[in-house]
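Have a look below at one chain only, the form predicted on its own, in structure tokens format.
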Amino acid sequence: MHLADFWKETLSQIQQTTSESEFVLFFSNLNVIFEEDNNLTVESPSAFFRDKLRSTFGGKLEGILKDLTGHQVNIEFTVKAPAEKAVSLPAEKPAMKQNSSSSIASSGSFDHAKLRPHSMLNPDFTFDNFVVGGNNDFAYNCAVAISKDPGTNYNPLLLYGGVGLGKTHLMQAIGNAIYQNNPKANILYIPTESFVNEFLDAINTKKTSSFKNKYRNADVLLLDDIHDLQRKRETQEELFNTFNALYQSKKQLVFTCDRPPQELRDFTDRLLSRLTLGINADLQIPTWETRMVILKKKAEVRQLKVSDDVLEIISRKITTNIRDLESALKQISAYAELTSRDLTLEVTQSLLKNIFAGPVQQSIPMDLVMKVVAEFFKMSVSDLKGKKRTQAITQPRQIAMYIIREMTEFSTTEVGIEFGGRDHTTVMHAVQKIVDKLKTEPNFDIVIQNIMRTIRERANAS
């Protein structure tokens, strides 16, 4: 048998022990190159999927192939050529394959000429104007897949992340794409706070039957800011029953949250189990490259002539979220329209000086990161900076270095100097150790995100 035949059998065995949604997600768009009897290359659509595939299935694939062939088969995981850029635009083909049974447009764009906007959805929230980067590509691809075949493989979808990172945009893009294909679909979008108020009003007016009929007859339910249900047990119970009714009828459910589901408090266990039943995808703070693309795209929409120097200083100074980037762009756009003056670097710095100088936008100091990490692990900052190499100190030190590199613009050399005069290669090694650990231990990411959230809160409050 040729290695290709063994590969087919390997996938068949993987499929038997993997959920359908997970198998489709990771194996539906691979390109496999068979070189020799003991070598093959697996090309993934992006670096994210390559790393996820390697960490989750690499060992299983090699083990099954070894059992089938009788010898070790070396698998190299790469990104499809030509190599994808760090930041891609939604106009490019998404990583997910389109379901042949679906007629929903792959772009998810809203055709204003044919349809009126959906009464509950913002027509500007589409896949076409959602900027994709390494911070959100997994969530984006899941959303696109859902829009093509709602209620099947990726149900429910829970999008989580901080304020202004695009959760609502992506959620409504799903709704707009489904509506574009099927205007008769019963799509309900509602913020959780409004859902709670509507439910309480239904109780007070003795119209709970109408409330239940409204939501349990939905084809797509988009519930925004699910964290607002904390401590609201009666509404949680109603949502649990609504969830079951819709899920059993293969209706699509999408939720957003400002934190991972594991961090939700005062939630019933059975509702939490439903929220985590499908795909959980996080949206993180965009990288500098992604922020540049976001600004360029929004400037084009506004037909605003602005140099790359101006966009670069905004993207470097504003590191919080997309909403703050857009706010800054609105300010300079209004100035340009009212004065008809060019937006030079000096003018931009003057217009945005208060934003640039604000505590939210200031660079997070290294000593704040070290202090928060030290408190989290119940040790002193001097321990983090010191020479001890015990596991109890080494890992928190590596975490602190990793977070500094993630949240600040400090170089590895500057970080090394701050940590007792260590060499920059030591810092690079520490960062890589944490990156590797994040790939193999999903719960470890929760620890990192908790620490980073505390750092941001303290930086904003100072």
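Note that the structure is a prediction, hence the values are computed from the model and not measured. All residue numbers are counted from 1 along the displayed sequence.
A second form of this protein, the form predicted in complex with a small molecule, is not displayed here; the remarks below concern that form.
Site annotation in the predicted bound form: the residue of Phe130, Phe267, Phe138, Phe199 reaching within 4.5 Å of the small molecule with a heavy atom is Phe130. This chain is displayed alone, yet in the predicted bound form one of Val301, Ala392, Val163, Leu338 has a heavy atom within 4.5 Å of the small molecule; that residue is Val163. The closest non-hydrogen atom of Leu311 lies beyond 4.5 Å of the small molecule in the predicted bound form. When the small molecule is considered in the predicted bound form, Phe125 lines it closely, a heavy atom lying within 4.5 Å. Among residues of the shown chain, Thr168 is one whose heavy atoms approach the small molecule to within 4.5 Å in the predicted bound form. Among residues of the shown chain, Glu326 is one whose heavy atoms approach the small molecule to within 4.5 Å in the predicted bound form. The partner is not drawn, yet in the predicted bound form one stretch among 145-153, 209-217, 318-326, 375-383 has residues with heavy atoms inside 4.5 Å of the small molecule: 318-326.
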